[in-house]
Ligand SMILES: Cc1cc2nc3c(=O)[nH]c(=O)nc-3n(C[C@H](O)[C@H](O)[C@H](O)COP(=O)(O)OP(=O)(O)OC[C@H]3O[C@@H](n4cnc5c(N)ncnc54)[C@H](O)[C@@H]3O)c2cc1C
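Here you get one chain, nothing else, as structure tokens; it is the form predicted alone.
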């Protein structure tokens, strides 16, 4: 059977592309190599029966604020606070849903935090709609200017310009570190502001029962629209595909090259071969005999906890990674979703996972360094560990091939990496072959669970190929 479009890969971007095409009245089939759809949206009993772990993504920072996901009616659980950032003296910087309440915890930096973040949090939907789509004239130029001008700064420069105290500066540093970049790089200020705005506006929820529920909802919506999803259908070359008018690849450039062979011109293939990937992640999953014993009880109000201490410590750790080193005190991003979603673990037990950043392709075991950072802020954590699952970059890539070298962002997220993603082009989703498009996180706007790489690519396909 011939289709208007075939999508290879069923990650959030591939599924979002397929749904967008189906909503536009096009016939579409999704081909997935694994036994279940979802890509990074997978949930498995990795260690023990009854303990459900998200293989990759847990925190749904953007979906509550995006029109695409609002129509899907996801079953999300929102913790009382989006984010906790403990410090060594037992205090914690808590990002509440309320900007004003967050600011009240920042001592003398409260007024500056309100001035910076209130307009962005109040208009977070409009802001995300502008920054997660291909460049064009903004509907809200003043909002974009308020975001873009300070956002071009590095996170260190942004924090130095607006804040004096350790609390606000630590909050900015932890949010900026989601970029996987050194915090002195231009543009990391924008990442910090975008992450904090989404925390205040959307709450950073988790999917009830695990992130696989989001993928299941997307698959169900696609099938309601007449689309098809075929699992255990590995595509290794173009000859493996059914007849189609347009092909969308939810693949990193490495995968695009493997599937397309010599179909694309040599110059374009050369550009894909030199695509720059960012640092990798080293991830741990745990089953636990109880909640993490945080020194500050307020850490138990948030599903996401940033571990790294002060801005200076986090900046030093991320700089070491950028230089190809492995910090003894890495910045650690931890999630504890079962505190708020009891479907993830048996009564009285908990699940958690955490990762730190490492050089791309690293084979250094960071288990001790990560657990030492947790113990620093939660003494006795190790006494609660039942079992752990270790995910070095090689395992991450084996489980999710788009995470090349452990790069969970689909490519380096610096300013150059955002402009030339995967190559410098007015239509980054198109390739020189008019029937082949790319819809993975290696296209704008890049990594994260938002699906907008797929939505943007599908719209480009409809405009140029399936009119």
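Numbering follows the first chain given and starts at 1. This one's a predicted model, so the numbers in the text were calculated from it and none came from an experiment.
Another form exists, predicted in complex with this ligand; not displayed. Remarks below refer to it.
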Next item on the list: Could you check which residue among 408, 438, 29, 66 gets a heavy atom within 4.5 Å of this ligand in the predicted bound form?
Entry: 408
Next item on the list: Scan 229, 251, 132, 168 and let me know which has any heavy atom within 4.5 Å of this ligand in the predicted bound form.
Entry: 251
Margin query: On the criterion of a non-hydrogen atom at 4.5 angstroms or closer, are 238, 423 and 431 all touching this ligand in the predicted bound form?
Written below: no
Margin query: For the interface check, one of 423-431, 395-403, 66-74, 45-53 should have non-hydrogen atoms within 4.5 Å of this ligand in the predicted bound form; which one?
Written below: 395-403
Check: Could you tell me if residue 33 has a non-hydrogen atom within 4.5 Å of this ligand in the predicted bound form?
Finding: yes
Notebook entry, point to check: Does any heavy atom of residue 259 come within 4.5 Å of a heavy atom of this ligand in the predicted bound form?
Noted result: yes
Notebook entry, point to check: Is there a heavy atom of residue 8 lying 4.5 Å or less from a heavy atom of this ligand in the predicted bound form?
Noted result: yes
Notebook entry, point to check: Does this ligand get within 4.5 angstroms of any non-hydrogen atom of residue 19 in the predicted bound form?
Noted result: no
Check: Which residues, if any, of 272-306 lie within 4.5 Å of this ligand in the predicted bound form when only heavy atoms count?
Finding: 283
